[in-house]
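Coming up is one lone chain in structure tokens, specifically the form predicted on its own.
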Amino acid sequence: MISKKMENMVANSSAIRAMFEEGNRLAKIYGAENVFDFSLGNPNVPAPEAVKKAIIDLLNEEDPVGLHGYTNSNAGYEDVRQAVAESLNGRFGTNFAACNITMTVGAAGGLNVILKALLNPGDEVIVFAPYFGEYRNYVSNYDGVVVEISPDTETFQPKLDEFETKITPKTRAVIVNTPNNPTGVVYPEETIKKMAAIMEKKQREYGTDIYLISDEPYRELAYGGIEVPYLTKYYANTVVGYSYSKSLSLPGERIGYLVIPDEAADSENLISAANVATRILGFVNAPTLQQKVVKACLNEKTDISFYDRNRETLYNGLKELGFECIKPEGAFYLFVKSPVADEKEFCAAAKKYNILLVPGSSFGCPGYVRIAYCVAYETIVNSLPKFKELAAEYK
């Protein structure tokens, strides 16, 4: 008999994964070229060639025992952490050192580590809808409570007035995700400054520490010169979670890091807690080979022009067919308004044309669907006639 908590989680398992598995099933029946699977944010762009070279060089040149062994610290190799810190300092004018970096098992592992380090049962974590649905499970893992800020479906920017009213003495953390999954919006500097001012005010009012957790797997995927603010510069109690899943197209390698600045409240204990959490959650340390790989590839980037072409083609194609959506500034998702109130009904209708979409209720925003356009360009082009048939069904 499984636990009561897991019974609920199994019953409400990821709609994204369910659609992805459905896509695999349909591909076996109709052929992969005839199934338009927009469910999973799985990069279609290959990793930079430098990644392959780094892996080969490391395997040929490094001591295999050391390369594949445990790291001396649960936080990861010190030289890797120092290199990450120096790269961030050069890019954003920060002042981090190796001690401020904890290498993690992707961004998801990093979020679980920092929430484990911070949360007591009943602590509240604020999220801005629409948001990555797994945040609910990550917070629940440590008996925290998710508090949702309702979506602004005109701009999909944070509703700061509502945010201010929902901060309470129990608020322990706030999670932001920019560029955002599922909308692709980027929170501008002005918004971040206002958010920081609200949180500073509430910390003084309640005499508490409220941490801003910046979930940044899509930081490098911003289009048209859009600047993504680096949040530690605006609010002292900021923790950054990063992943190389999208920036280097390495989602299956599970490698990322946390940044815990010295300026954060109780930073020394928080850093120690993150390292212990890495161990006791069963990660032990981030994958050792991949730590060395990212150190060698810190200046490499995935060519996002592939995603940008997909973005333009799909956005313009859907708009011409009468669908409503805002143009994403980053990430690789379109968040499209369903032509009927029940977006799950719309997802079911789309499946008749072998189009797989994810319902917006999975992201705390019913009435919309998410389309992941990190697919082959041919998939985008070939899907548009099917979208046309789907649009005609709803006139």
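The numbering used is simple: start at 1 and walk along the sequence shown. A quick note: this is a predicted structure, and the numbers were derived from the prediction, not measured.
Form predicted in complex with another copy of the chain: not shown, discussed below.
**Asked** If we take heavy atoms and a 4.5 Å cut-off, which stretch out of 95 to 103, 320 to 328, 297 to 305, 251 to 259 is in contact with another copy of the chain in the predicted complex?
**Response** Checking each option against the 4.5 Å cut-off leaves 251 to 259.
**Prompt:** Is A286 close enough to another copy of the chain in the predicted complex to count, meaning some heavy atom within 4.5 Å?
**Reply:** Yes, A286 sits close enough to another copy of the chain in the predicted complex that at least one of its heavy atoms falls within 4.5 Å.
**Asked** With the cut-off set at 4.5 Å between non-hydrogen atoms, does T165 touch another copy of the chain in the predicted complex?
**Response** It does not: once another copy of the chain is placed as it appears in the predicted complex, T165 has no heavy atom within 4.5 Å of it.
**Prompt:** Do K116 and another copy of the chain share at least one heavy atom pair within 4.5 Å in the predicted complex?
**Reply:** K116 belongs to the contact set for another copy of the chain.
**Asked** Any of the heavy atoms of T238 lying within 4.5 Å of another copy of the chain in the predicted complex?
**Response** It does not: once another copy of the chain is placed as it appears in the predicted complex, T238 has no heavy atom within 4.5 Å of it.
**Message:** Please tell me which of Y242, F128, Y211, Y187 lies within 4.5 Å of another copy of the chain in the predicted complex, judged by heavy atoms.
**Reply:** Of the candidates Y242, F128, Y211, Y187, Y211 is the one lying within 4.5 Å of another copy of the chain in the predicted complex.
**Request:** Kindly confirm or deny that K4, V45 and N137 each have some heavy atom within 4.5 angstroms of another copy of the chain in the predicted complex.
**Result:** Yes: each residue has a heavy atom within 4.5 Å of the partner.
**Within 268 to 292, the residues that have a heavy atom no more than 4.5 Å from another copy of the chain in the predicted complex** = Heavy-atom contacts within 4.5 Å come from N269, L270, S272, A273, V276, A277, R279, I280, L281, G282, F283, V284, N285, A286, P287, T288, L289, Q290.
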